[in-house]
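The chain that follows stands alone, in the form predicted on its own, written as structure tokens.
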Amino acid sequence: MTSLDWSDALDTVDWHELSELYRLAPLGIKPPEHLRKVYGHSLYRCFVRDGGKLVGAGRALADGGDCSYLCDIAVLPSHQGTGLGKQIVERLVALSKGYRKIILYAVPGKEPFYRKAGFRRMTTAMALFEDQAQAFERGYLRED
């Protein structure tokens, strides 16, 4: 890795490049216009470039003091395992310092990564997904 360039600026983002980052990470298909909207509504965000190429990103939906929700943390496969994901999480947590709670939900199987950053499983977290059946299939929901 060369020196990394960090930014939170939306006006320099190539939304198609960001969409491709999520596809390759692999974190699913996130259309460019969807990403433009959700990142635009996020209080905190970071984009990481290596030699001009987007290699990592993440964001936090936050209300200014009570709750900050870290989401969409993604790293290109070529940069996974280098500590970049950890740095993105650390940056978003630092930006959220002072909030009463910082939450996230992980891709099933990735919980140990977030546990290393101090996150713990919630006993009362619940969700409604646009596609509940798919969320069950992918392991995000369970009956109990």
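These figures come from a predicted structure and were not determined experimentally. We number the residues from 1 along the sequence you see.
Below: the form predicted in complex with a small molecule, not depicted.
May I ask you to check whether His79 falls inside a 4.5 Å heavy atom distance of the small molecule in the predicted complex? It does: once the small molecule is placed as it appears in the predicted complex, His79 has a heavy atom within 4.5 Å of it.
Quick one: is Lys116 in contact with the small molecule in the predicted complex, heavy atoms, 4.5 Å cut-off? The answer is yes: Lys116 has a heavy atom within 4.5 Å of the small molecule.
Against the small molecule in the predicted complex, would Leu84 count as a contact residue? Criterion: heavy atoms within 4.5 Å. Leu84: contacts the small molecule in the predicted complex.
Can you work out whether Val48 and the small molecule are in contact in the predicted complex, taking contact to mean some heavy atom pair no more than 4.5 Å apart? Result no; Val48 lies far from the small molecule in the predicted complex.
Between the small molecule and Ala25, Ile73 and Pro112, in the predicted complex, does every residue show a non-hydrogen atom at 4.5 Å or closer? Contact check passed for all of Ala25, Ile73 and Pro112.
Where, among 26-34, 92-100, 60-68, 39-47, do residues come within 4.5 Å of the small molecule in the predicted complex by heavy atom distance? In the other structure, the partner sits against 26-34.
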